[in-house]
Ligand code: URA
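Given next, in C-alpha cells, is a single chain: the form predicted alone.
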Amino acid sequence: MNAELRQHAARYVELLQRHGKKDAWLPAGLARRLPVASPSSSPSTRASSTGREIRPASPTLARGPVPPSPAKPKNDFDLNSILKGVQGSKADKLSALREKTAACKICPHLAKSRTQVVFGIGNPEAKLMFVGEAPGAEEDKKGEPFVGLAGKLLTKMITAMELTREQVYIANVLKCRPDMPANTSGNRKPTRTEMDACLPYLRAQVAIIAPTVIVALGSTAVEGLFGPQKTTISRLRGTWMELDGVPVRPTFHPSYLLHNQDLALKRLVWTDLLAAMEKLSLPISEKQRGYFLKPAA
C-alpha cells in the first residue's frame, strides 16, 4: 500500500474520531493495513475481521501527523472602545463604526476580493431594521445593501407597509461580498467562520440604532444572527426570536419569492411584516390586512 495513501487514511480516521464518530467504513484492504492500536490497549479500538469497519475510541488509533485546522478569524471588536470619545447622535456613532468596518481585514480573502465594504443604509433612528445575509455583485459595486432584483422587491415590501427605505435601516450579517472562484459568477453563502467574524459589527449597529423590531431575511441571515438552527426557515418564520433584547421576526428572503411566484408564499411573508407592524404600533388598514389573500368566491 502506498505510504502516502496510508497516511491520508490515518488522518481521515483521526479526524472522524475528533468529531465524535465511532464507526467509519473503509475498504477491506485499506482497513487491514491501517495502523491501529493493539486490541489489548482498548477493546473498542479494533478493525473488524472483514476489514470494513473500524471503531476509533483511542487517540492512538490513527497515528501520523494531522494538518492543523485553519485559524479562525477573530473579531475583538469592542463597541465601547471604538466609540470612546465619540460624541453626538446615533449618526455620528454609525459614522465611526463605518470607518472601522471600511478598514477591516479580519477575513483577508474577503478584504482582497471585495470592491468595498457594504456597511448598511437608512435612518439611524429607525424603529424597523432589515437584516440580510451578504452583499451580492451589485451591492459590492454600489456599496449599498439590497440594490439588485431582491432589493427592488424589498423596497416594494417596505412601501406596502407604508414606509420608505429612508425610514428603515437595512444591513447584512456579512459586510463583504463572499469571494468567488476565478471566472465564475453568482453568489455563494457566507461560511460560519465569516459570519462569526463579522457579526460584532452588526450587533454594534443594532446597539447604536436600538430598533424596536428586526426582520431577518432568509435562513442564512437567521443562521448568522443566532448560529445553526435545528429547523428550517419555513418553521422559523411566523415566530419571534430575540437578539440582544430586540425582537427578531424571521421570514423568507425576497430572492426566494422571486424564484417562487406563489401567492401563498407572498402571504406568509406579508403576515410576518404585519406582525412587525403590530409590534411597532403602526396603523394597519383593512386593505393591508387583505394583501395576497385569494378573493372570496
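A residue's number is simply how far along the shown sequence it sits, counting from 1. All figures in this text were calculated on a predicted structure; none of them were measured in a lab.
Unshown form predicted together with ligand URA; subsequent notes refer to it.
Ligand URA is not shown here, and in the model of the complex it never comes within 4.5 Å of any heavy atom of residue 130.
Proximity of residue 201 to ligand URA in the model of the complex falls outside the 4.5 Å heavy atom cutoff.
Contact check for residue 194: every heavy atom lies farther than 4.5 Å from ligand URA in the model of the complex. In the model of the complex, ligand URA lies within 4.5 Å of some heavy atom of residue 134. Contact with ligand URA, judged by heavy atoms within 4.5 Å in the model of the complex, is confined among 100-108, 142-150, 85-93, 204-212 to 142-150. Residue 253 is the sole member of 232-259 found to place a heavy atom within 4.5 Å of ligand URA in the model of the complex.
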